[in-house]
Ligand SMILES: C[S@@+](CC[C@H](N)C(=O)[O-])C[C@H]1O[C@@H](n2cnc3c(N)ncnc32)[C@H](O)[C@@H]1O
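Here we start with a single chain on its own, the form predicted alone, put down as structure tokens.
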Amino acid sequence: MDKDRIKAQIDLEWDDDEVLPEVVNPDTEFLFNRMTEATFEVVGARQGEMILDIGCGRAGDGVELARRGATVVGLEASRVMLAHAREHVNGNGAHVTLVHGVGECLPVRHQSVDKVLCKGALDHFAEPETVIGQIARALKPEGQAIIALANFESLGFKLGRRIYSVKLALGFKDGTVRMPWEPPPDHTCKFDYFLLRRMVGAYLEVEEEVGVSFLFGFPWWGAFLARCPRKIYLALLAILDKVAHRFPSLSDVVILRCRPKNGECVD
């Protein structure tokens, strides 16, 4: 593994200050909150187990998992985000070990980790498939990997692209706005459900798959919800989330819980 080559492809000063738009509609807020809730449900943190959080960002998830009794190690490549993480951990009095490193070269021993969490980060890595191989290497034979990621072939994005193509045909276009179904510049790979399953399947066996949220990115959907009373739009989004749970290939976010294949250790 050429660690220096990997680091050369990574923005070590990346900051998430501009990840969220200035105006956050109800569907955006619901998506982020429900993604976190559903991920914790799948992780099922237990007292004393070691969880490695890859691409931990500000360590918000790590702090919560530590509160639930897990021994948490947060790995982050960005020095800026690592500083944010230290501030968050110290401010919450949590015990989370923070490590500066890259997912393509995990600084842990073979088969030493109970669970690996990678939430919303796999499409930021220089070599996502290498990261998955490293996850398989790090897991104990009975360990679990939980990977949560945005699905860029969700139903909302598919419909949004079709409607946008009609608008283009009619002469409407705003070239200054990035469409929701277009991966942000800091994404290295455009993931969807099937690509994620194929990439993960080379190293891990999927035990459970969960879809989260439905119709994010559908034109006018967020603006419509913003006009509804909070009780109404939360009920609508909760119903659609239950639909997404059963159809992860069309959901806005996909969560996979995986285990090493036959307990094998991947070099």
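Keep in mind that this is a model prediction, so the values were computed, not measured. When you see a residue number, it is the position in the sequence shown, counting from 1.
Beyond what is shown, the protein has a form predicted together with this ligand; the following relates to that form.
In the model of the complex, this ligand sits within 4.5 Å of a heavy atom of Val102. In the model of the complex, none of the heavy atoms of Asp241 sits within 4.5 Å of a heavy atom of this ligand. Although the partner is absent here, Met81 is a contact residue: one of its heavy atoms lies within 4.5 angstroms of this ligand in the model of the complex. Put simply, Ala85 is far from this ligand in the model of the complex: not one heavy atom of it is within 4.5 Å.
Three-residue candidate spot Asp192, Arg197 and Pro248; no residue lies within 4.5 angstroms of this ligand in the model of the complex by any non-hydrogen atom. Site annotation in the model of the complex: the residue of Ala77, Leu98, Val89, Val113 reaching within 4.5 Å of this ligand with a heavy atom is Ala77.
Proximity to this ligand in the model of the complex, taken as a non-hydrogen atom within 4.5 angstroms, holds for one residue of Val43, Cys56, Val212, Leu204, which is Cys56.
Annotated contact segment (heavy atom within 4.5 Å of this ligand in the model of the complex): 103-111, selected among 138-146, 90-98, 103-111, 159-167.
Residues of 91-125 placing a heavy atom within 4.5 Å of this ligand in the model of the complex, in sequence order: Gly101, Val102, Gly103, Glu104, Lys119, Gly120, Ala121, His124, Phe125.
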